Every structure is written in C-alpha cells, then in structure tokens.
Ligand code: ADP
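First comes one chain, alone, set out as structure tokens in the form predicted on its own.
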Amino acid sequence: MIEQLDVKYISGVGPQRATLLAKELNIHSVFDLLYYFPYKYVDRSKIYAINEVTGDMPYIQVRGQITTFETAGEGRGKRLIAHFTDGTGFIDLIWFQGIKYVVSRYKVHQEYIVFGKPSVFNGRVNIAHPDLDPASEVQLSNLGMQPYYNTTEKMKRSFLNSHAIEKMMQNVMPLLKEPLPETLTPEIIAQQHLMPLNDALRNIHFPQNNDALRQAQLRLKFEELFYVQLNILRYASDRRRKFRGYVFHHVGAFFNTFYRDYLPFELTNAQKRVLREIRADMGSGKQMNRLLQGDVGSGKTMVALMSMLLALDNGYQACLMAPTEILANQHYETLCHQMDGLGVRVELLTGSIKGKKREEILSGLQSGDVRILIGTHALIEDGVNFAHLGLAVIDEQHRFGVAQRARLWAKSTQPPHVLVMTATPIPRTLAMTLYGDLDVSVIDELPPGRKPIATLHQFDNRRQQLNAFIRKQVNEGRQIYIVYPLIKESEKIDLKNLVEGYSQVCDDFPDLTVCQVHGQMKPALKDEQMQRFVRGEAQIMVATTVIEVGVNVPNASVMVIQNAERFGLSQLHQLRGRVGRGADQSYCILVTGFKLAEDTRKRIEIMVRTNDGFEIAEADLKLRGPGDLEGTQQSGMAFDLKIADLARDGQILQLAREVAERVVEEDPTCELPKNELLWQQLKKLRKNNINWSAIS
C-alpha cells in the first residue's frame, strides 16, 4: 500500500523535513501528501528576454548566467545580490535569507533558468528569492503548468517552499505504478462523467493542459462534497427511522384564542406559510428538525410562540433556549406580555436565578404546571426535568454547540420536536452543508409598517456633520447606538478606543445621558447600563458588539458603526438589525477611514445598496470564505475541505447532494453490495476526520 508509506522515505524528504511537514501541514504519509493540493498554477512554457521584462509582470521565466555576486546592507538588512544576464540586458536576483546556502549552490557563468515575480527597486528590475534550475536539467515542454503550494513561514525558513513540495510530488508520481483504489463506484463515475481517481491526482499536481486540470478539479471537488452530503443525509435518514415524533393531532383553545384575540397584527404571508410547514411536521409522526431563518424583525418569535401553543394544545410543554441572559429576559418579557390573560404559566430560568425561586420553577416543571420555560444554557443542566417536553425552540443556534443540542433531547422520553431560529441568513450552499439534516423555512418579508433602514457611508473626518445628525435625531425623541469593534487580537487597543470614544461622545453631547457597555464589565453593571437605555433614561449607548444579539429598543433609530471596515458583512448586517424596530425611519451610518482595501470597499458598497440578508450572506461567503463564517466551528461540520469551495462550488454541491440522496433513498440500511465501497469510504473518512460528527 504505497499510499500508507511514511513521507520521510520519499526522495528529498528525510526525517527532519518529515517532522516539519507533520507539524506544519499535518502531512504524515504519501496519501496525505497526494491530497495536499496546489492553490494555483503558472504557465512555465514561455521564456522571456530580459529586455522584455518589466516590474509589473506576473511570474516570468528567463534563461542566462550569473556574472557576479555581491552583498549589501548590515545585520538583519543584509542581502545577497546576483547580477544575471541573457545578453539582452541585466536583472538582479536577491536573497535576504539562506545566503551561505545560495553562494555554495549556484555558480557564476553557468546557464540557469530563473523563475519568479519581477519588481523594480531603485530603477532596476529584480526578483527576490527566485527559483533557479540548471538549464541542462529543465525540459521546458515538461514544465507547462507549474503547481503552487501554500507553505508556512517556518517551512520557508527551512527552504521547504512551494518548489520543494513540487519536487517531492515529482518523486512520488513514479511510485504510483499501481492505480490507487477507487473511492467512488463505477456507476457514479460513469453517470457523472468523472475522471478516474488516479488520473485526477496526477493532473491536479501536474496538469497536462487546462482541460485536464478542470476535469481533475471537478472529480476531486465532487468526491469531497459527495461524502460530506452522504454523511449528513445518512445520519438524518437514520434518525428519521429510529425516532418517532410526538404527534400533535389538533389545534385547540390556546392556539385559536391567541390567534383570534391576542395577535397584535395580521401575520404576513411568509409567517403563515412557515406555520403551515411546522404544523405539517408536528402532525406527521416524524420528529421535526426545522431551521427557521429570517432577518431581525421579521417575526420569527411570533411563529415560535404559536408553535409552542400548538404543543400546549396537545398536552405537552415547550421551552425556548437563548444564548444570553439579556436575550432570555427579553423573550420572557415579550411572551408574558403577549400572552397576558391566556392562563399559561411561563417561567424564566437563568444562571442567576437561585434558591427558593429556582426550586419553585423546577418543581412546577416536573409537575407540568410550568407550561413554557424560557432560559439560557441553564435549561440543559442535570437538575432540570420536564413532565413532558414536546417542543424545544433554540434561538441564535450558531451559539450552541452540537453536544448542547443533544442534551436537550435527553430531557424527554423521546426527542421533542426542535425548531432552530437564526437571524444570521445562511447562504444555501452553507445551509446544505452545516444544517443538511434540518428542513429549512424562510421568513422573507417584514411585517407591515416597517420601513427599510437607510444605510449611509461616511468618512471619519466628518464628525461635525455626524454629530449634527445625531443631535437632530435626539431632538426628535430618538435614541442612538454607537458601536466600536472589539477583536481578540487587539482587545486592549479596542477597549482604549471605546473608552476614548465614550468620553468624546460625552464631551460632544454634555447635556445628554450616555451609557456604555462592553464585554469586560461585570454582568450586573452591564445589565444596569443596558436597562437604562431600554427604559429610555439614556439617549446614547456606546458599546462593543455585545449588543449584536439581543436588545430590542423600538425607539432606537440610529446605529453608528465606528471603524466599519473592521467588521465582516454578516456582522454589519446583524448590527444594523438592532434599529428599524419601530415605525420611524431608521438609519445605519458606517464610519470608516479614507484608505480602504478593495474588498472592504465592496463590503461597504453592498451594505449601502441592499437590506437583503441572503444577498449579504452570499456576498460574505464569496469575500471571506466559509471558514470565517460565524459559528461554523461548533456546528459539527469540519471545514477542512481540501479542494472544494462552498462559495464557488454551489453547483457541484447541489449535484453531489442529489447523488447522495439517491444512494441513501435506495440503500437506507447500507446493505446493498453495489454501495459497499461508498459506506466503507465514509467510515474511513469519519475515522480520519473526527470533526465529522453528526450534525445536530
């Protein structure tokens, strides 16, 4: 089994490099090395004359000789310069590291082929840390598309750069005399017109041409996404077979009375559609697992409340779990207010509720007197026992890990129905991968009377105009949020900025009450400051992103985001959703410095142009890639996709899902001989990749 061979036995590796590869890239075997794919390719079939080369060209290749070496600079600034010519002109080759090695390795007046990226310094064209190969050893026709591999700084310092990995790959290829065992069935390969695995692995590292490269990429991306989907779908299918759901047969007095007499406004068509989907699930005998997506303010909580009333009508209890005490409190107050007089006992359970009060709640829960329980993680603690929990609603799901959701299941003799809510719109490709076993419902319209939030971009040198605008809004009776970034790496500087910002706002508005909130404050103080704003005693709140989830202040109509260039799109969208909760026109003002990077400028433009959370989430996925999307790490899907890109490979993902669905439908118990290879491969992948835990 050549693929199991330890990487240190490959020519050009050895024990020292093997240790570095294991530590830096988790490469231990030939198999690991083969699956370490290039991130780009450069065409190396063309040689340029030096007099054609300019500093703004991409990677180039020249052929010629070193005439002399010289060193310049002292200490850390010391560098080695080789003057290189092909007879049409001169170019400088420069090394800042490994000078001794270079001088011993390369000789003057020998012919080399030099490859690298040209730039200009002091009017001379140079290439820093170029690749040099003796011209006699290089056959240009063989070079063609050269692969480029990501390496770390530590590897580069030990001369283990992209070129070195490429050489290792060249040494591995002749070892693959026997084709590697296939990882997909002949049927799937034929139906999807996929390249065989062996050809794909050769062409992904050393493509014969562009077409062969495209086919290799398609094969490897399809396979990767196919197994992610097969894992999720098989798990979901198992669960549906094993677990019966409680059957909620009828719509009774609680639901009907609320609908008839308590509903504060007519439901939107989207809310009605989602309620129908939930009712169908809960009446089907299957256990519901549904993801409810909708922008901030779209009325998800109302749908959740009415779903809970359906559980009550059928003799069951319901619970609502929120990620923070502030949010749990807010849900509790909202539900109590909306159901006042309906005769439903609703209780709040958080970490800070102790002693006699806590005991009363817990015994009421066990006897069934408490019909709806709202709380934080405290709900899944061991001493919390329900009489008969029928529906669990989880808000802002990406803040709860898989294990925590599983513990909710154990609160009932059989798993309750689960409704997961999120205001972070999730792009379709990501939803299919992160929440592939959940059915998805979307509330895609805002309740009547809500005006879209106007978003403006302003540079930070226009503070006076901004202050005048804030003053005008306060005079009209509105409240203002001013938010500062708080990023772990620069937490001290960020807190300093927030404190300075707070005192600046106090100076600018000496007649107004300004409160401040950040994560470093003691919970009681933070809560007290928040409550001052909620009660309307403070007109301006200066805060970090702790307010991203939670506070509902209908009178707050302006959100000023300082250093908006430091926030991701989804986070900007979440923050913007804190305003626009009342009937007044609301504003979100993005304040940035003057110099903006290209993708930052794009982010700001998208925010100004659209309020559509899904469009924003798709754009965020394209700009930042999936690894950064909030919460993906706890979801149970490991994002160490080696080649597929969820932002760009949506069509391949869709295709892979359809094929995986067909396999699971025709072989739910994994017993058909023709699929044996697929189930074995899935088992192997799950063993090697521990993070592929079942989702939810």
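A residue's number is simply how far along the shown sequence it sits, counting from 1. Fair warning: this is a prediction, and the values are worked out from it, not measured in the lab.
Just so it is clear, the following notes concern the form predicted in complex with this ligand, a form of the same protein that is not shown.
Under a 4.5 angstroms non-hydrogen atom cutoff, this ligand in the predicted complex has T268 among its neighbouring residues. Interface residue remark: V296 is counted as part of the site for this ligand in the predicted complex, having a heavy atom within 4.5 Å.
Under a 4.5 angstroms non-hydrogen atom cutoff, this ligand in the predicted complex lacks H518 among its neighbouring residues.
By the criterion of a heavy atom within 4.5 Å, R581 is counted among the residues contacting this ligand in the predicted complex.
Residues with any non-hydrogen atom within 4.5 angstroms of this ligand in the predicted complex fall in just one of 599-607, 507-515, 452-460, 258-266: 258-266. Of the listed positions (S119, T301, Q473, Q287), a single one reaches within 4.5 angstroms of this ligand by any non-hydrogen atom in the predicted complex, namely T301. A heavy atom within 4.5 Å of this ligand in the predicted complex is found for one listed residue only; from Q562, Q531, N552, Q479, this is N552.
Counting a residue when any of its non-hydrogen atoms is within 4.5 Å of this ligand in the predicted complex, the hits in 446-460 run P447, P448, R450.
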